[in-house]
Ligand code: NAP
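First, one chain by itself in structure tokens, the form predicted alone.
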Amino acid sequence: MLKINGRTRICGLFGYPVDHSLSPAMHNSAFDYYGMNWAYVPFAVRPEDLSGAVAAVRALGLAGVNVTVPHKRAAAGLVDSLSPAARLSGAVNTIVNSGGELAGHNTDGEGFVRALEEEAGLQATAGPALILGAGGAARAVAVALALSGSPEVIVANRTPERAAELSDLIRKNTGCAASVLNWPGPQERGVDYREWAAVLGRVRLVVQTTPLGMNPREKEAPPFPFELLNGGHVVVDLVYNPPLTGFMGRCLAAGARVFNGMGMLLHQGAAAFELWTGVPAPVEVMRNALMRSLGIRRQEAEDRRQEGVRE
């Protein structure tokens, strides 16, 4: 049972909006498990108020905060120091307050690598990876794979310039090779099918980082040569609601092993918990809290849908 008093350590979440976040349930369950006098609070911070909100972490003595959309890139310019992953990705999702010094971290990519090892038994060093998309999530994943020893990262994005930017970032700042693959898929006019066949013939890992397929548009999927997949491929779709996207379903039908983004969400939170507290995260406790909360959200959404049908 959470009890707030003058010794309670506060951490939380800066985003806009934040009412959909599963992080409060995940972190508060971890604090409760250890009997820690800590609390995690979501704060709806408008973009124009972010600078003041980050300053308040120091002024109010908060232990730290998570940072989510739309603030991750802006937060990188508001802290005193950056971890290597945060510096390379240009984004911060976790701020740690150490005696008034604010350190910015990016645990999204670390969470992805941890989940990949736990769920798929696959390490970053296992082989080249193909990243679909070049946004913030793609940057975090690509940087983490490169820093974790991936031999090569291949980036495919609808805007070639953004793919080239991410590829250049990886190649120039890590020991990882990086290149660009023309996208959308080979069914689109002007794209060489042989290029996709050659890439998918040597990669072990495919990561879908775009929001396509997210609830309520579950059936949407990015263009992709699904027939080139086989049992040697591991496919991760960073969408976790629904748990099986249209993209994942088609990859599964082609024989690939598929995983959603729930593991990344869990392990980025576990990494943040450890940065704030110095205590090993109770991963199973946090996982169960996430699943309960997500189940409640899905039921609430279904109830609203049914109400609409009846009306």
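In this text, residue numbers run from 1 along the sequence as written. This one's a predicted model, so the numbers in the text were calculated from it and none came from an experiment.
In what follows, reference is made to the form predicted together with this ligand, a form of this protein that is not presented.
- Task: Sort through 171-179, 203-211, 224-232, 78-86 and report the only stretch with a non-hydrogen atom within 4.5 Å of this ligand in the model of the complex.
- Result: The contacting stretch is 203-211.
- Query: Which of these residues, L130, L116, A137, A144, gets a heavy atom within 4.5 Å of this ligand in the model of the complex?
  - Reply: By the 4.5 Å heavy-atom cutoff, the listed residue in contact is A137.
- Task: Identify, from the list L238, A124, I154, A91, the residue with a heavy atom within 4.5 Å of this ligand in the model of the complex.
- Result: Contact with this ligand in the model of the complex is made by L238 alone.
- Query: Is there a non-hydrogen atom of S98 within 4.5 angstroms of a non-hydrogen atom of this ligand in the model of the complex?
  - Reply: It does not: once this ligand is placed as it appears in the model of the complex, S98 has no heavy atom within 4.5 Å of it.
- Message: With the partner left out here, check for me: in the model of the complex, does some heavy atom of V65 sit within 4.5 Å of this ligand?
- Response: Looking in the model of the complex, residue contacts with this ligand do not include V65, since no heavy atom lies within 4.5 Å.
- Quick one: does R217 come within 4.5 Å of this ligand in the model of the complex, counting heavy atoms only? Judged by the heavy-atom cut-off of 4.5 Å, R217 is in contact with this ligand in the model of the complex.
- Query: Is A281 a contact residue for this ligand in the model of the complex, using a 4.5 Å heavy atom cut-off?
  - Reply: No, no contact at 4.5 Å.
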